[in-house]
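Starting off, we have a lone chain in the form predicted on its own, written out as structure tokens.
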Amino acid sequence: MGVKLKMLKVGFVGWRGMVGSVLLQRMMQEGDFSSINPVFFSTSNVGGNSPEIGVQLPKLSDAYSVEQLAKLDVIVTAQGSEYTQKMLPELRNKGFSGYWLDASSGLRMDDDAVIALDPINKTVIDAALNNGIKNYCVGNCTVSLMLMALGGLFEQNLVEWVNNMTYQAASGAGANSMRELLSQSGQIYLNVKDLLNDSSSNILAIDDNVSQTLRGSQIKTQYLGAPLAGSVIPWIDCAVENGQTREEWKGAAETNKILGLSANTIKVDGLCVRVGSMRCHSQAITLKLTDKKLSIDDITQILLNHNQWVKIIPNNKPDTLKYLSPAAVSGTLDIVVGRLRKLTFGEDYLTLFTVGDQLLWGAAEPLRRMLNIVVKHG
């Protein structure tokens, strides 16, 4: 009989939030808990019941206990950057030599951390593991989704630069923003309900009512900062240099780090916009190819052959309406790519539209897959 290997002791922090909840759901779907010894931690309910994941678990441990955390082989956290910045240095100073897997942005640009997106940068991850790197995190959601969609082009060095215009869902700003979007939508409806039910009402009167509601004090904007229902917010995160927001800056910085390239090897820039979608980020992408001889059929095959999750949507109205939207993609691992065509600017200019669920490929799925890689690595 073979010797049964000891299963790694893996701690989970921040598992109640959106990303954490999706992570646990995916791990249960894939049977991942059977290959680890899980322990759940809490920042606010120490001693409470652990989640039901199909195996018997101890009560919730203290997420601020360096002593308890240091006993783990792996820590998986979706608790946020503040928690990471507080606990990781304390743990490392106390001699913790385990793996830290992080859903937050706190470690992304650190030299001793790798942004994990294994369908795109498995060779970078493998090299880091072999070199003793212990800190891994997931990337910015729009960057990860763009790379998943265009992985074949990047892999074959066919991209000179990228202009990505993003349409990011409320869920990217957190659960409270999702609730606020629905609250705003409900308030708008309540204010025009009677007019809508009156077939003789003037549409301009309805439109004026909506505009007044959006500009009035009834609309809650505590988390989003502005009305999003019936509108858009062309600003995400804080300002940085050159008129960019930090969300826009991440495009080039994280793309190149994920690919294992030096800063700005591939130019990436655009505008990031919050839209009234509940879930899934969309992107309208223009890029310059390094090979203008590639046909759309060539490009289609390159994208499809790179990973199993890319789905090419034919560039026609019926298929676009049916498949190329957050409504069609939400809750799936599909990365849909459509409106694929060469621009009239020249044969080396390509445009497309892509949609992906940012709670999956933009957050939970790379974290889940990185945990499995660590488990196999030992």
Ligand code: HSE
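In case it trips you up, residue 1 is the first one in the sequence shown, and so on. Note that the coordinates shown come from a computational prediction; the quantities given were computed from them, not determined experimentally.
In what follows, reference is made to the form predicted in complex with L-homoserine, a form of this protein that is not presented.
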| query | finding |
| --- | --- |
| Position in contact with L-homoserine when the complex is considered in the predicted complex, options L259, I236, A229, L107, heavy atoms within 4.5 Å | I236 |
| Residue (of I125, C141, L147, C280) lying close to L-homoserine in the predicted complex, criterion heavy atoms within 4.5 Å | C141 |
| Contact of G151 with L-homoserine in the predicted complex (heavy atom, 4.5 Å) | no |
| is_contact(Q358, L-homoserine) in the predicted complex, heavy atom dist at most 4.5 Å | yes |
| Any non-hydrogen atom of G172 within 4.5 angstroms of L-homoserine in the predicted complex | yes |
| Any non-hydrogen atom of E247 within 4.5 angstroms of L-homoserine in the predicted complex | yes |
| Stretch from 209-217, 88-96, 164-172, 117-125 whose residues place a heavy atom within 4.5 Å of L-homoserine in the predicted complex | 164-172 |
| Contacts with L-homoserine in the predicted complex - residues in 62-81 whose heavy atoms fall within 4.5 Å | none |
